[in-house]
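For reference, the chain that follows is the form predicted alone, supplied as structure tokens.
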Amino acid sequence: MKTWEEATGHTVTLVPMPAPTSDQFGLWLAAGTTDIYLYQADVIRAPQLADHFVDLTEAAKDLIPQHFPSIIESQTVNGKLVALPIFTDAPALYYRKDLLEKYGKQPPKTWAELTETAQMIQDAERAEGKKDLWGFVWQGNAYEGLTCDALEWVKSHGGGQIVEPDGTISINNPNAVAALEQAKSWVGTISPAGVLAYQEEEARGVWQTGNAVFMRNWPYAYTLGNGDDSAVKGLFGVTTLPVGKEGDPSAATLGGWNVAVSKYSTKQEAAISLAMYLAGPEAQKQRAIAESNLPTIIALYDDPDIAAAQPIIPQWKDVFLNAVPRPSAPTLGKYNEVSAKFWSAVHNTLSGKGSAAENLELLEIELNDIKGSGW
């Protein structure tokens, strides 16, 4: 922030946030604290706190079109832009280039192609003695990560976003049912039964030891996968996640961080100026080069300086163009409850505790109950 400080004459003091994240904002925002001016907020948190933040729509009207639309959507509540994106995150499909080349396969475009390719290579490699190889690893534990994985399956089958931006509960539909039944078919076939307990690191552990053909994971796994201690160093590529069928939307769950201005701040003009700077191209380029932070400004993915310093970053452009936000903006303070209900319904389906149709029908009833008490 030195550049902004020098340009404006202001000095910025960073205040460490308490852990866990559920406590981070309540301590100060609920108390109307006046001496904290800006907050760095997770992509799903800022909409839950919209009443405490300044509307940045007018101030950022020229900056907004430069960002990925899905990220702006994720931070917009009832027409109010509650936070500006400063860096982002979204998952991709990791694939073993060497194994696909060995068997004459291309990176899959649909989930059906992934299923077929994963099974074929898994069977062939096991026949050659690689008994520990699996076709596909992902995050199947009952936690927020499963909400992310399952949202991608559902959205990419044309099944919507669980709760739509206008608040419509859309999850109980045939496309969503088909998506979850397909994912259930992976458990114990191309994915180990233990995938139902996997989070990001468990999936990466299988992948990085060379024991998976495909993996769904976040960008952090790319650098680690090319580390000197990795069995797959130089052997893999990344691509957008598959779709249900040709014409369906690709979907990668949006992650990342944003900056919001407290409405209780006594220096709102300066705080808005800093938020604009942090979300702008100069600061985003600095963070991309120095820290590998993935920009939210589309043009930076074609910046030659960034490409030279961090070759991974341009590879994520198509992923973010297809990113989908979790339904935190329409569900506001009830998002955590909505997400927990969703991942529980999905986990039950994957575990064989009821069919996808039964579990999504029950989920719809539960979400309507939550909505009835007010998002």
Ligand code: GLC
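What we label the rigid core is the largest C-alpha set whose atoms superpose within 1.5 Å from one form to the other. The first residue of the sequence shown is number 1, and the count goes up from there. All figures in this text were calculated on a predicted structure; none of them were measured in a lab.
Below, we refer to the form predicted together with this ligand, which is not included among the displayed structures.
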Just to confirm the contact call: exactly one of 92-100, 225-233, 184-192, 142-150 touches this ligand in the model of the complex at a 4.5 Å heavy atom cutoff, so which is it? 142-150
None of Y301, W218, Y264, Y277 but one has a heavy atom within 4.5 Å of this ligand in the model of the complex; the exception is W218
Which pick from P108, G255, G159, G244 sits with a heavy atom within 4.5 Å of this ligand in the model of the complex? G255
If you check in the model of the complex, is K341 within 4.5 Å of this ligand, heavy atoms only? no
So, in the model of the complex, is E116 in contact with this ligand at a 4.5 angstroms heavy atom limit? no
Taking heavy atoms and a 4.5 Å cut-off, does E200 contact this ligand in the model of the complex? yes
Is D318 near this ligand? Define near as a heavy atom within 4.5 Å, in the model of the complex. no
Checked 115-137 against this ligand in the model of the complex; residues with a heavy atom within 4.5 Å, sequence order, are none
Taking 2 Å as the cut-off, check whether the CA of W257 shifts that much or more between the shown form and the other one after a rigid core fit. yes
Is the shift of V324 between the shown form and the other one large enough to count as movement, that is, does its C-alpha move by 2 Å or more after the core is superposed? no
So the Cα-Cα distance between N293 and M215 shifts by 3 Å or more in the model of the complex; is it shorter or longer than what we see here? closer
Q75 to I162, Cα distance in the model of the complex relative to here: closer or farther, by 3 Å or more? farther
